[in-house]
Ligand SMILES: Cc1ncc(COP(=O)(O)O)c(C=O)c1O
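Before any questions on binding or motion, here is one chain by itself as structure tokens, the form predicted alone.
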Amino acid sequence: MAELAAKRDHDVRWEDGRAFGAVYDGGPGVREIAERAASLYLHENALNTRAFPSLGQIQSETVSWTAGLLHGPETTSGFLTSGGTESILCGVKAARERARAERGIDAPEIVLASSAHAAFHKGAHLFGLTVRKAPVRDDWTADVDAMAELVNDNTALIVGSAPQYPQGVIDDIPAIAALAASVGASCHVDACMGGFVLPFAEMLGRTVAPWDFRVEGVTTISAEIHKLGYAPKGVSVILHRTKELRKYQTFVFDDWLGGFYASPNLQGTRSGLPMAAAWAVMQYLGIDGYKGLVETTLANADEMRAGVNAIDGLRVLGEPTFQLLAIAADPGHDDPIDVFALADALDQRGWHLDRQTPPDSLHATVSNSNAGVMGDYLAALAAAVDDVRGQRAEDRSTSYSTAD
């Protein structure tokens, strides 16, 4: 145990609010309830819910709560997955199967914007779909007109994001869903970052563009409980508008010597631990608890955006209004800042932000974790800007995900 503790010495100090992403902390009470639930289900396996019917109930109830939050009709069905990537992969696979079964498509294609999550490209690679990629508009939202030019009789899936990850803006979901419906394709809304923020932001009186199942034509939505749902890694939800559509996600097989095999997602064995922890956190927080966390999160993000825009030579890309933002150099400044050098200077001060490109920018996912430290961060940011003016980082790599 001492060795394990020592291994964490150089990890980002998310407990101190110094990470803008990766780990999302709902506070001591949320942490305690999650850990207690995890200890109860440390060894349980959702591979077979006849053996562990409690996990079947946990999955059903968690999916149902999420469907209600996202205004799903009574027919809405879904499953828990290990994270947003698996939810997206399941959405891609379901769209392929639906296109094959309902429209006879054997060369399926997926239409998305350059801002769509990399997991859609992973899904296309794994499941044999051709990617048709459209640019984004000047405001960083998907260019739906350009997407329309890419749609054809082989289109199986069209993707929108609420919000997209790189700059934190919401795509025009009604237009994307209508485009999908016009050719009988599936429409997946990636709400991995927004599924547990946007509903509560709307309850708090924030303006939220239409994006969930209230939009006709949306067939699947992914939402991550282990992000702004504040459950431990790794648990996410994928929702289908109907159980009929959900059947395209599952794999069923009995032509071997082991008997009937069915899996709702990509895993076989599924740990009960994250499922139980997510159930417990959602029960513990309830609507009012989530509203409080989202209110704190949005206040943190508002302060961060204002603070960044007030620093000479920096700007926030686009006009995000929720918890995500990208920090870039002001291209019109006489002495432009290299944001990758800025990232290095912030790392030295103990603050971690992911580097992304194009364009070169620093990504921040603000959450309740950052409560009480935003003033310290903005002071460190201003000091780091002064330190790196005129410098350029040799390392131009980006780091959303690593392969080590």
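Since the model is a prediction, treat every value here as computed from it, not as a measurement. Don't overthink the numbering: it's just position in the shown sequence, from 1.
This protein has a second form, the form predicted together with the named molecule, left out of what is shown; the following refers to that one.
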Quiz item: Can all three of I88, H117 and K227 be found with a heavy atom no more than 4.5 Å from the named molecule in the model of the complex?
Solution: yes
Quiz prompt | Proximity of G168 to the named molecule in the model of the complex, heavy atoms at 4.5 Å | solution = no
Quiz item: Can you check whether G272 is within 4.5 Å of the named molecule in the model of the complex, heavy atom basis?
Solution: no
Quiz item: Taking the shortest heavy atom distance, is P163 within 4.5 Å of the named molecule in the model of the complex?
Solution: yes
Exercise. Using a 4.5 Å heavy atom cut-off, state whether C192 contacts the named molecule in the model of the complex.
Key: yes
Exercise. Counting non-hydrogen atoms within 4.5 angstroms of the named molecule in the model of the complex, say which of G318, G83, G289, G307 makes the cut.
Key: G83
Exercise. With the named molecule left out here, work out from 240-248, 139-147, 71-79, 192-200 which stretch has heavy atoms within 4.5 Å of it in the model of the complex.
Key: 192-200
